[in-house]
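Next comes just one chain, in structure tokens: the form predicted on its own.
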Amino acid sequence: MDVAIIAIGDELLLGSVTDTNTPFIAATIDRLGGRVVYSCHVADDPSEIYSAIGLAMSKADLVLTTGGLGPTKDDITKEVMCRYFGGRMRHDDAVARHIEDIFRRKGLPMNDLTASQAMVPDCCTVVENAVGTAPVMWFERDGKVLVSMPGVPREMRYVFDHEVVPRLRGYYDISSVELHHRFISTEGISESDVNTRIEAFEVSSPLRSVHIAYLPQTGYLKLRMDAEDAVLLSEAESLFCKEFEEYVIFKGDITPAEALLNRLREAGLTVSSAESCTGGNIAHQLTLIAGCSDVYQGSVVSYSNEVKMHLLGVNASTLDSYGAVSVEVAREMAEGVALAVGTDCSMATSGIAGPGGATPGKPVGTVCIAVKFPSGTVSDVYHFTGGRSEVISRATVKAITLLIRGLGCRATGLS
């Protein structure tokens, strides 16, 4: 099943909204055993949408569109669908009742533009949208299918998972397709180096017999291994982890923060953080994960020297001798927050995220990181590239992965 995805909306082309729908759809199609062969962003312009549909239909068996629906768009996409598939607009009583029910439950008046969403092309099958007012539309032509879905991510994900995918399984008879995946995250080795070393294996090696996708993340490299043969995939995963043992930091389709929490739980340890240049981003990444409170106890964002001294116990003499951006200060921050919060482990960052603040010998991107373990504290200075947000993200990931490495990786699936 070859699939094309069209994301409709001026806001996507202007960069004011990030398209999260296309990656979500692509990942789901991949799990179903399909293949995304084409995707694009297109403006809220009838001629542009029409051309995009024609191109997508020529390339794929299934076309999935998001956006261009709803009262603010004046149903531009519906009119284009009528032109492309042939037909005219009709009033759908079931859609109208559904919209009225939603507004009645919210206690809101319904205007004419919202009511107009009950108008749908007579050449489509209407698919229920239980979480929104914009109807989902299923079109068929020459053995191919186009499904038009709303662009609001929450609505799109719900209707795609609960309504569209079940219909696709029946239409394309893909219920028996099962593609297995394994995820491995590495640090300290480039995508090209991994690929070169894998290519050096003999043709019969499991690593040469599975598909490997390289998924670069900020601060580390995630790889996805795909195969229909689960046994072969398991052998390839084991071989990879053995060959790249020094670079593997965790396994599974999880984030570094999730991997760290897993490791801490297994070890029965707690953690805290003291952050200067990362401004609480370590805490943010950990607290994004439900249930983190059993191991993550708290954070001190110590941006000023006064806070470093008064809340974390950093010595004034250390600050005077080495400066706030130093491994010595970072070590005292890590040890201070662990003592103040009462945790076994901790992470601390102090650096220059930019764009200003550089000093002789300490350019923008300089970050000192310290990690405290029950057995002692380690620290080092790092130099990260990129703008302010990227330096913060890279420093955050580095602090987390340093703690993961120091604690070992058994909880992340590695022996």
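Keep in mind that what you see is a predicted model, and the values were worked out from it rather than measured. Rigid core (definition): largest C-alpha set, two forms, superposition within 1.5 Å. Residue numbers here begin at 1 and follow the sequence given.
Below, we refer to the form predicted in complex with a further copy of the same chain, which is not included among the displayed structures.
Asker: Select from the listed residues A118, M137, A283, V159 the one whose heavy atoms reach within 4.5 Å of a further copy of the same chain in the predicted complex.
Answerer: Spelling it out, the residue with a heavy atom inside the cut-off is A283.
Asker: Of the options L55, V378, A358, V381, which one has a non-hydrogen atom that comes within 4.5 Å of a further copy of the same chain in the predicted complex?
Answerer: For this set of options, the contacting one is L55.
Asker: Please determine whether Y296 contacts a further copy of the same chain in the predicted complex, using a 4.5 Å cut-off between heavy atoms.
Answerer: Within the cut-off, so yes.
Asker: So, G252 and a further copy of the same chain: in the predicted complex, are they within 4.5 Å at any heavy atom pair?
Answerer: Outside the cut-off, so no.
Asker: With heavy atoms only and a cut-off of 4.5 Å, decide whether Y38 touches a further copy of the same chain in the predicted complex.
Answerer: Y38: yes, in contact with a further copy of the same chain in the predicted complex.
Asker: Quick one: does D61 come within 4.5 Å of a further copy of the same chain in the predicted complex, counting heavy atoms only?
Answerer: So D61 does not count as contacting a further copy of the same chain.
Asker: Report the stretch among 190-198, 242-250, 163-171, 317-325 that approaches a further copy of the same chain in the predicted complex to within 4.5 Å, counting heavy atoms only.
Answerer: One stretch meets the cut-off, namely 190-198.
Asker: Could you run down 1-25 and flag each residue that has a heavy atom within 4.5 Å of a further copy of the same chain in the predicted complex?
Answerer: Contacts from 1-25: E11, L12, L13, L14, G15, S16, V17, T18, D19, T20, T22, P23.
Asker: Aligning on the core only, does the CA of A259 end up 2 angstroms or more away between the shown form and the other one?
Answerer: No, A259 moves less than 2 Å.
Asker: Against the rigid core, is the Cα displacement of I99 between the shown form and the other one at least 2 Å?
Answerer: Shift of 2 Å or more: yes.
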